[in-house]
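Quick setup: one chain, the form predicted on its own, written in C-alpha cells, and binding and motion questions come after.
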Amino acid sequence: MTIFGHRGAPGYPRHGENTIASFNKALQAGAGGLEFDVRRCGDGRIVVIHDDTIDRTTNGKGRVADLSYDQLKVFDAGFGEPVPLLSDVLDRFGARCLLNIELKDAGIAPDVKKLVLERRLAEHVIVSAFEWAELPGLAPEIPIALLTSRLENLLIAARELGAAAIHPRKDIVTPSLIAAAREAQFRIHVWTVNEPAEMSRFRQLGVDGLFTDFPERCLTDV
C-alpha cells in the first residue's frame, strides 16, 4: 500500500503544506508518495499551492493568478520557505517517490505534461483532478486518476478516459467499489485518511494507497 503525504506532512494545526520542507518531512516519515496541488501564477509559471489565494497558507495576501512568481516567492509558506515551482518539486523529488499532481486550474494540463515529459518522469507521476474534463490529453503518456466525492459514473468515466486509478473520498469507499475497481484494473487511492484505525481498516480492505496528513501514523500499518 502506497502512503501519500497529503500536501506533504502538514498535520494539525496545518503548517507548511505544499512546501519542500513538508515534502521532505513526509518522506522522512516513511511516505512512498507525495500529493500536491498546482496552479498557474500571474507570469504563467506552474506553482504548487492548493488555494486560489495565498491568504491561508502564507503570510501574504492576494490571488495566485494575479501574482508573478517573483512576487509570490517573497512570502513565507511555512518553515520559512516560499511557494515552490512545480519544476523544482519535480527536480527534487521526481526520482525519489511517486508524485500525485492535482490540477487546480483549468487549462494547465499541457504545461504540466510538458514539464513531466521533459524530465522523463512519466513513470513516477500520476495526475489527478476533480474536473475530469481537464485530464484528456495526458494519458497514455502520463497516468491519470479521477478524484471524486461521489460514485456516479466514476468507473464508466475512468474507462472512457483511460485512467490508471480512481481517488475516492474515504466515506464512499466500500468493498464493492474496491472489487469493481480491481475487476476494471484501476488502482484505488483513498483520501484523506488520518486516523490509525481508519488506516488499518483500509489496508485490510486492500486499497492500493492512502492520502494522509500524518504519514508517520502509517508506519506500523504498512
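Treat the numbers as computed from the prediction; the structure is a model and nothing was measured. Note that residue numbering follows the sequence shown and begins at 1.
What comes next is about the form predicted in complex with SN-glycerol-3-phosphate, which does not appear here.
Answer for residue 130 alone: is it within 4.5 Å of SN-glycerol-3-phosphate in the predicted bound form, judged on heavy atom distances? Residue 130: yes, in contact with SN-glycerol-3-phosphate in the predicted bound form.
At 4.5 Å between heavy atoms, is residue 102 in contact with SN-glycerol-3-phosphate in the predicted bound form? Yes.
Can you tell me whether residue 191 touches SN-glycerol-3-phosphate? I mean in the predicted bound form, with a 4.5 angstroms heavy atom cut-off. Yes - in the predicted bound form, heavy atoms of residue 191 and SN-glycerol-3-phosphate come within 4.5 Å of each other.
Give a yes or no for residue 147: in the predicted bound form, does one of its heavy atoms lie within 4.5 Å of a heavy atom belonging to SN-glycerol-3-phosphate? Yes - in the predicted bound form, heavy atoms of residue 147 and SN-glycerol-3-phosphate come within 4.5 Å of each other.
Among 30 to 38, 174 to 182, 154 to 162, 59 to 67, which stretch has residues with heavy atoms no more than 4.5 Å from SN-glycerol-3-phosphate in the predicted bound form? Contact criterion met by 30 to 38 only.
Can you list, in sequence order, the residues from 4 to 19 that come within 4.5 Å of SN-glycerol-3-phosphate in the predicted bound form, counting heavy atoms only? 6, 7 sit within 4.5 Å of the partner.
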